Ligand code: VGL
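Coming up is one lone chain in C-alpha cells, specifically the form predicted on its own.
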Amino acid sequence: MQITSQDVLIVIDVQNDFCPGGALAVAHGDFVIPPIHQVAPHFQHIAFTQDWHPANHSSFASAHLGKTPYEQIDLPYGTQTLWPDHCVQGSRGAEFHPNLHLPQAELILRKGFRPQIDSYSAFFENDRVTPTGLAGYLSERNLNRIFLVGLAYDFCVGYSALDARRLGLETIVIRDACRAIDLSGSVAAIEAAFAQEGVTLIESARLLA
C-alpha cells in the first residue's frame, strides 16, 4: 500500500492509564507501540489524541453515587458507559507511554476535557455533534486518508474510524497496532459497524512490504 503526502497516521490515546498498570488498562496495550514505530516512518504526517479528563468527570463511576465501573447510565446525550477514574489532567496516567517516541508528530489533540460529556472519537464528543476540530484541521491541510492505531480498538479507535467515514474520509485501521477492551461484545459490534460503513482493516505488514 502506497502512502502519500495526503495521508495521516492518527495515534489514539497511547497513554499510561490505558497500558498495563494503568487505571483503565487494556490487555497488552503497550504491545501497540512496536508496530506503530514500524509504520510511522512511512508517513509525512502524524497526529496524536490524548484523553484529558478533569477530576470528577461525568464518565467516571466515582462521580455517580452507588455506581460502579462498566455500568451504563443515561446522560443527556445518550447512554454512557462508566469508567474507573483515568487520564486525569496533569496526572502520570494521562501522559503518553514513555516508550512511545514520535517527536515528528505535528498535532496533539486533547479530548474528553468537557466535564459533562465524554469523547471517545477524535472527531466528535459523545453527543456525536460537538466537533473536536480535527476534521477542520485535516481539511485545511488537505489530508484526506487516515490510518488509525492505538487504544482502545473497540472504543476510541473504533468511534474515530466511524466518524471519519461519516465525514467522507477514507479510513484504514491498522489492526495489529491496536488492542481492545472487548466489553460485552464490543469488538464484534465495532467490526460489524466497520463492515457496514466501509472502514478498511489491514495489518501493518501491508505498509512495510
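Numbers for residues come from their place in the sequence shown, where the first is 1. The shown structure was predicted, so the numbers you read here are calculated from the model rather than taken from an experiment.
Just so it is clear, the following notes concern the form predicted together with the ligand, a form of the same protein that is not shown.
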{"query": "Exercise: Val173 in contact with the ligand in the predicted bound form, heavy atom 4.5 Å", "finding": "no"}
{"query": "The ligand contact in the predicted bound form: His97, any heavy atom under 4.5 Å", "finding": "no"}
{"query": "4.5 Å heavy atom contact, Cys156 to the ligand in the predicted bound form", "finding": "yes"}
{"query": "Contact flag, Tyr120 vs the ligand in the predicted bound form, heavy atom cut 4.5 Å", "finding": "yes"}
{"query": "Listed residue (Val32, Ala152, Leu148, Ala164) with a non-hydrogen atom within 4.5 angstroms of the ligand in the predicted bound form", "finding": "Ala152"}
{"query": "Candidate stretches 34 to 42, 164 to 172, 140 to 148, 51 to 59, one within 4.5 Å of the ligand in the predicted bound form by heavy atom", "finding": "51 to 59"}
{"query": "Those residues of 168 to 194 which, in the predicted bound form, come within 4.5 Å of the ligand by heavy atom", "finding": "Ile181"}
